[in-house]
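Listed next as structure tokens is one chain, alone, in the form predicted on its own.
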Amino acid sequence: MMETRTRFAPSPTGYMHIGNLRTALYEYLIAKANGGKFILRIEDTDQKRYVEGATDIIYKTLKRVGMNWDEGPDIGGNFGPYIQSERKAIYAEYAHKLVELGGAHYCFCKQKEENEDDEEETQETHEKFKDPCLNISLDEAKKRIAAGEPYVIRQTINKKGTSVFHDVVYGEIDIDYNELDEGVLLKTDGMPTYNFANVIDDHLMNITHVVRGNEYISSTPKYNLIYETFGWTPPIYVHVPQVMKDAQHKLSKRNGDASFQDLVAKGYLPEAVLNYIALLGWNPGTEQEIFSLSELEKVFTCERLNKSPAIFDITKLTWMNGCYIRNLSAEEFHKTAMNYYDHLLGRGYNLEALSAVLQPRVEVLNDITEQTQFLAQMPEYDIALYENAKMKTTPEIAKNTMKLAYDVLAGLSVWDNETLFSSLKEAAAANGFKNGQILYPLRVALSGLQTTPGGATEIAVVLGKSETLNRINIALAKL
């Protein structure tokens, strides 16, 4: 049996789109679940869309989520080069050979090539083209080429009837050959189009499984014709449904939808994003939703991929991200949270205590700055905030309980949450107050807010004794 070999072949055109990362993940999991190899190949034949630095983004993204490749441009392998622009001579050789075998022909028409290399444009907007140059004999075509006439190499679709092929997700698929256009395989400048380069590379690199979006199903017979003409065996096809932003619109970087980098910048953990996109079109068959990458490697099978489009639900991702944040060790979370504490540095606050308060409550890391802004700058507030029917407090009651809280806290030598809470609770009982009548006003006094990420005594521990007493004094002056 052949070794399982999959490939992720992105174009270096910018940040990593969620759909692309999901494709990479499925390719990776198919390889690892079968003890095979995961190959990284850079498809940069469309130089118009090339973005400087985008290849490094691809490397960093895959490494950041733990999807290390076994062969690729940076580490080499037995089937290189792994960058398509470095394989130009290979494509030319096979394109001309395909002409000799009758699977392609030389075309001298003045046709636009702008969209021939654009994956989405080719699939969605490129009109079916039947080429009049099919009537030119091979000898005449070679004479025109020798005379210096510009040309492209187009695929020849000369089969009749129906193409039938198998897909792991969709089963047996029938497509009429009459629906296929004779697209360009090799452009005037000698560079291949996406459709041709992939077939050649997948064969030469012994790729056994190809994962791609279901929008490419209609083009698969064209790929199979090339395989057939050369006498090669096609790979196993795994076409996956698109990732949608809603029922009508697909998720697309062209429409400004969030990339992987955007989500990480917003405070989503890479591991959580990867876990979530694994479930966008795949069902583990159990109630489990939280998977590490190593767990996915053990349970993933492409037979459980869904046929229906998957809708990207930011609410579900946010919930999952919160699960990942809570599963971090206290040390890991604090180290991560320190990146969001710039506005609190140098104030003498107990930031480790703050991290302990935030970790059970934060779902997205970027929320940290907003939730802790009151620690950096006390907001202006009206004393009407002390009015709370549930806590049975009024500004007048708050004035009395804040005097009591000040005296209790000023006399403490131990400053931890347990000591502060028990001391205030005892003082409230001894003076005829309910717990909420001292703790709620204290929270308002320390934060200027009705709700905070932690309770009154937790905030006091973060602020420290001096700042806590200072804020109570400010509150008493207001009251």
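Residue indices: 1-based, along the sequence shown. Everything numeric in this text was worked out from a predicted model, so none of it was measured.
The discussion below concerns the form predicted in complex with a small molecule, not included here.
Here is the short version: of 406, 91, 341, 194, the single residue with a heavy atom within 4.5 Å of the small molecule in the predicted complex is 194. The listed set 230, 374, 216, 177 contains one residue whose heavy atoms approach the small molecule in the predicted complex to within 4.5 Å, identified as 216. Contact with the small molecule in the predicted complex, judged as any non-hydrogen atom within 4.5 angstroms, is confined among 309-317, 163-171, 94-102, 205-213 to 205-213. In the predicted complex, the small molecule sits beyond 4.5 Å of every heavy atom of residue 459. Residue contact with the small molecule in the predicted complex: residue 43 places a heavy atom within 4.5 Å of it. Proximity of residue 19 to the small molecule in the predicted complex: non-hydrogen atoms within 4.5 Å are absent; the residue sits far from the partner. Contact check for residue 9: a non-hydrogen atom falls within 4.5 Å of the small molecule in the predicted complex.
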